[in-house]
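First comes one chain, alone, set out as structure tokens in the form predicted on its own.
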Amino acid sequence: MSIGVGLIGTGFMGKCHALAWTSVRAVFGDVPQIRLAHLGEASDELATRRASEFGFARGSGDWRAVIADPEVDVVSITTPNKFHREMAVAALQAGKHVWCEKPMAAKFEDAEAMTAAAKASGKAAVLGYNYIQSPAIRHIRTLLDEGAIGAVNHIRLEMDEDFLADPDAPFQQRHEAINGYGALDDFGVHPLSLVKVLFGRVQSVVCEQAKPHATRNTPQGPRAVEVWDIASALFRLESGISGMLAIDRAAWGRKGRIQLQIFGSRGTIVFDQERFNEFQLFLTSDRPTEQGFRTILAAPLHEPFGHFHPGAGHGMGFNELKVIECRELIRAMEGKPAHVIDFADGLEIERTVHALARSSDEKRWVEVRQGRRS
């Protein structure tokens, strides 16, 4: 048995998917042979060049040719958000499994259509939320299940990067409303994926968005920025836990920060994606004379770290999280339990994003179930 892979899009995440497909069998050994069958790009010339670089058998300037190829069993979609619905639905209707990058879609009805297509197809349809695959995050889930820090009463999340901090940087695709709200769906979905796998559903939200730079330069002159680069929110989970979310795409000095703080009745857990090979743990069960945050280094005891490195302290990287996600996708394709955000879970995250945007517009608390905004 083998798996034929189709890839649409060869930017940063497209390359990341290609590396994951190339590495997954060597790392885990328990997956079928992988065939890099067909790559799609915006032109035949670029597709042929990228196919050669990435190791695909062929390349096409029409993404529909990738989906129609009988050698393709699963399609990786790494294109801009505005294309996700059309490509994902077409692939699912063609009987292909789908691995689609986040955010799911710019419009809620698009995410609904993608979820319906996945359900009707019976195929695996997984979203690219690779941060949930971190061995540290997986072990934090175990600590929570074991009650190591008691009853959780509050969680606090921050996600910051500085790639849009420079006011003189030119206008780019991320500034167009056609791709979503901005920071909320470009950034906010990642910490919300951690909330989803660690704590469950968000019940209600209140949010404020901000725009640090109202215009950006283009060759034709200044152009209005159509989205928001900063968002701050309070939320409450269905379980009753309170939370805070702060996201900023214009935060000088921050490169890949997702900080998660979990406060419980008997301790605290702190995780930061910029140092994702470790987390901090405070336990009230320690003697008062030694109480303090201890740093836990990721190690082979924290699955699936040992598949990459035999010893603690040998740090994993971003791309290796994608290899883990690829293996989980294959498990889903085989009908096995898989640690993924599928399209149904992704729809819940999108529902929360749209509720946050509605709250920002209406300046009030919004129930997530009623928070949909087209």
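Don't overthink the numbering: it's just position in the shown sequence, from 1. Given the structure is predicted, the values throughout are model-derived calculations rather than measurements.
From this point on, the text means the form predicted in complex with another copy of the chain, which you will not see here.
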| item | value |
| --- | --- |
| Proximity of Tyr129 to another copy of the chain in the predicted bound form, heavy atoms at 4.5 Å | no |
| Exercise: Ala344 in contact with another copy of the chain in the predicted bound form, heavy atom 4.5 Å | no |
| 4.5 angstroms heavy atom contact with another copy of the chain in the predicted bound form for Pro310 | yes |
| Close approach of Arg223 to another copy of the chain in the predicted bound form, 4.5 Å, heavy atom | no |
| Complete contact of Arg25, Glu158 and Phe293 with another copy of the chain in the predicted bound form (any heavy atom, 4.5 Å) | yes |
| Among 141-149, 215-223, 79-87, 110-118, the region lying within 4.5 Å of another copy of the chain in the predicted bound form by heavy atom distance | 141-149 |
| The unique member of Val227, Ile137, Val195, Ala233 whose heavy atoms fall within 4.5 Å of another copy of the chain in the predicted bound form | Ala233 |
| Contact residue in the predicted bound form, from Arg174, Arg254, Lys102, His97 (heavy atom within 4.5 Å of another copy of the chain) | Arg254 |
| Partner contacts for 249-271, taking another copy of the chain in the predicted bound form and a 4.5 Å heavy atom cut-off | Ala251, Trp252, Gly253, Arg254, Lys255, Gly256, Arg257, Gln261, Phe263, Gly264, Ser265, Arg266, Gly267, Thr268, Val270 |
